[in-house]
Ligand SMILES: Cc1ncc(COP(=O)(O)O)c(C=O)c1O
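Let's start with one chain on its own, the form predicted on its own, as structure tokens.
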């Protein structure tokens, strides 16, 4: 018997999430993981590194609560937003019995976390307008514990319709939790659903410092929910989920200067994104290669090229690594382009303008 046969059946059958680093590639311009082009400068105090860190560092919890406009009792900090997703599934879903609901195409870790934990998946695909099929989701509420929605959606960039979300929240009362993943909300902050948390205890939000804050490398995310949900998650989370250096950097990122830096970064990214979108639609040397530019609400653009495989190969040959979504439902010929710095965006446009 091989060692593999000793593993759980779900693990043996599992296809791991294809993160940007696992996919890899050869290049010098990395625009495939929705990372920021910079991280900023931070100071570390090493005097407490001999001590175990606090499970929920107050300086981080209080700072994020103030930033998000909620109470500290509504905040949980974890190892990236991914751990928040994992904790919700482990806390609310019985392996082999319960299910979550997703709306493909969307972020892949919802399904991976469910499969890893032996939890079933109900897929209600996005409608043709790329909005969740709220009628279809509501029909499934008695079959699922958690509904995952991503807003802005990764990879399409679309925002969840607020009226549809309210209808879903009303239907989900005492039946299921509705989890809205707001990893990219800083790029369109007026569209956050945080204002609904006080009135809808069945609503949960996922946040992160990985995108607009430029801190993907420290793995720091947040779950925003009513205190009862947070209390349950605290029963399941690891005893020391946030390393001391991570807590120090997160607290600095969330102070007045850190927030100002983040907002400057967001403004620059949004400007570069608008310029890229305009060039894709209007530039005479480029627009014939473009079938569709998707919603511009994150720090990326999803673009349907003609054909996508040729554009992806040309970029790769030039050392520009993008993310190919052609294998995902409804996303044939689609490539996601992370918005990098000005020089990186110029490099992308230069390749597109070259004779094919």
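Positions refer to the first chain, counted from 1. Since the model is a prediction, treat every value here as computed from it, not as a measurement.
In what follows, reference is made to the form predicted in complex with the named molecule, a form of this protein that is not presented.
Residue contact with the named molecule in the predicted bound form: residue 103 places no heavy atom within 4.5 Å of it.
The closest non-hydrogen atom of residue 107 lies within 4.5 Å of the named molecule in the predicted bound form.
Using a 4.5 angstroms threshold between heavy atoms, residue 81 counts as touching the named molecule in the predicted bound form. In the predicted bound form, residue 74 stays away from the named molecule, with no heavy atom inside 4.5 Å.
Listed residues 156, 210, 193, 223 were compared with the named molecule in the predicted bound form; 210 is the one with a heavy atom within 4.5 Å. The single contact residue among 250, 150, 176, 168, judged by any heavy atom lying within 4.5 Å of the named molecule in the predicted bound form, is 150.
Here the chain stands alone, but in the predicted bound form its contact with the named molecule, taken as any heavy atom within 4.5 Å, falls in 210-218 among 232-240, 210-218, 272-280, 124-132. Of all the residues from 164-191, those having a non-hydrogen atom no more than 4.5 Å from the named molecule in the predicted bound form are 181, 183, 184.
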